[in-house]
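Take a look at this single chain, the form predicted alone, given in structure tokens.
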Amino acid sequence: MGFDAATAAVQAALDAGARYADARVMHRRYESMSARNGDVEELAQHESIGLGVRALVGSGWGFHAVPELSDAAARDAGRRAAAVATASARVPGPPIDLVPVDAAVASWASDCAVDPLGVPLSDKGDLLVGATATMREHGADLAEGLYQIWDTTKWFVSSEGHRIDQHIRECGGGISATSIGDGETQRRSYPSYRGQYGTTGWELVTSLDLAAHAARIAEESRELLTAPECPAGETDLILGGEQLALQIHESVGHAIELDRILGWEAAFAGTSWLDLARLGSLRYGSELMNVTIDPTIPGALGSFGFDDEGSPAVRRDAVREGRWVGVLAGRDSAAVAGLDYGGSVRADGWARLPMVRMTNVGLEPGPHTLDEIIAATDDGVLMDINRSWSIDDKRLNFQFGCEVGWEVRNGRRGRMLRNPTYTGIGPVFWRSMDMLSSETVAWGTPNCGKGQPGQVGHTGHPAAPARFRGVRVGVRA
């Protein structure tokens, strides 16, 4: 049924004058549950199916989507997409080319040992209820738990001969404890402020062992209420892997999106400080900085077999030994920039136009361990688990806050610190990285926003603890 509707839509767009067309049928099931203070708070279950069609006429794209798969509806969607493209082409502009890609006929499915939608709701509820009850027993004023599941099947057809189906299952979850004191509120989360997510089955949630960490994070949230404030000044900064994953997401991942670099997202998401003329020569960071774009990582949240233009998943370098060498691109943006690859275009549903999105953008492992980094630091601060983020629309100047910090003195971890923050300028910050751990985790971000209308993307960020020299931390009085 999916292939039939997509094929009919593509043919109708060609018959209406399109020189290229593609169509995606998407069927998605979603489930989430949240618990608070030992009780289930909300259960959400949604299901949707529909068809989205792109058509290219001259220099204009057109898009139309419908929530049904009948032959008549599919053909009408194809004609409407071509009509929008024809109208768009009336606006003067350079011709749009597409970087060539082999027309694949293929099937792909993510690895999944335990179907997350097949796990009984009672078992999932017991997990969250038990963990939040434990956090309350150990002093948390507010104890919360959450899991989310996405089960997506896609059928893709293009006028170039693509015929691809994919089955992608994603899930994850986490817990958080909030304690309230005299004029102070503190939160501790596990394993991340939003949980950990991947393109895999319920085995991921089981491996997190949420219940085993509930008491600890509740007690740490209370301890933070009376911990000393993070001091202000310049010092050596050690970031935990979860926080470094967000640093990569905000100051590398978005910055290397080619549509931002070309100015196509300027009206809403912003642009980028990067200049294409310096691709291949710009010093982005230190020689320890090796960032890859890799949608082939098993289980990572930004993994797939093919993107939403039919380009196969391929690992590429974004930064190699500190030098900027690659971007996240689509077939049209790559052609404009004179590049020979796309592969990073996705939509968050059948009713949205595919756009350049992060896949798995992360650091390759370094040669150190966290213990070695701490031992080598005479005077610094260790920060972990994101609490807040702010970055300008060029993805250059940033300020981030973390849930927890620790003093590092004479190679030892010392006192816990509350309200730790740090600030910097992207390339200056990355050039100061002089130690990087090998203890890599592919952190999943299920809430990356972009586009008009807004779309929520799922991205992955392999990261490990690292040290940065001479970073401004804390808030000056």
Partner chain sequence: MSERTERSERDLAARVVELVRRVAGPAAEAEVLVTRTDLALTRFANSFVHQNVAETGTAVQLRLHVDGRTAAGGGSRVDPDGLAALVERTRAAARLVPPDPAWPGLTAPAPVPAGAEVDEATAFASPDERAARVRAFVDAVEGLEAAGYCRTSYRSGAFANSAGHSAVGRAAEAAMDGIARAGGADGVARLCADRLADLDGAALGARAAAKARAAADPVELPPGRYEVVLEPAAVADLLQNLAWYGFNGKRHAERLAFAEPGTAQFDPAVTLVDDPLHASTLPFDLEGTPRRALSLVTAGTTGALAYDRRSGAEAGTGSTGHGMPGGSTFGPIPHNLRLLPAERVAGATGDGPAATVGAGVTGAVGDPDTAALVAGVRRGLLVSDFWYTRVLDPKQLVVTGLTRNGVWLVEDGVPVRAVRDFRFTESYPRALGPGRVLGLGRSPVRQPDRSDGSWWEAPAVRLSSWNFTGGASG
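Predicted, not measured: the structure shown is a model, and the values here were computed from it. Residue numbers count along the first chain shown, from 1.
Not on display, but discussed next: the form predicted together with its partner chain.
Here the marked residues D71, R163 and A255 all miss its partner chain in the model of the complex; none has a heavy atom within 4.5 angstroms. Segments offered: 277-285, 323-331, 358-366, 181-189. Contacting its partner chain in the model of the complex at heavy atom distances within 4.5 Å is 181-189. Within this chain, G451 lines the site of its partner chain in the model of the complex, having a heavy atom no more than 4.5 Å away. Although the partner is absent here, P94 is a contact residue: one of its heavy atoms lies within 4.5 angstroms of its partner chain in the model of the complex. Not displayed here, its partner chain is kept clear of K154 by more than 4.5 Å at the level of heavy atoms in the model of the complex. For the chain shown alone, M435 is not a contact residue for its partner chain in the model of the complex, no non-hydrogen atom being within 4.5 angstroms. Checking A337, V101, L142, A227 for any heavy atom within 4.5 Å of its partner chain in the model of the complex turns up a single hit: L142. Between its partner chain and the residues D392, E203, D209, E137, the one pair within 4.5 Å by heavy atoms in the model of the complex involves D392. Residues W61, G62, F63, H64, A65, V66, P67 of 51-78 are found to place at least one heavy atom within 4.5 Å of its partner chain in the model of the complex.
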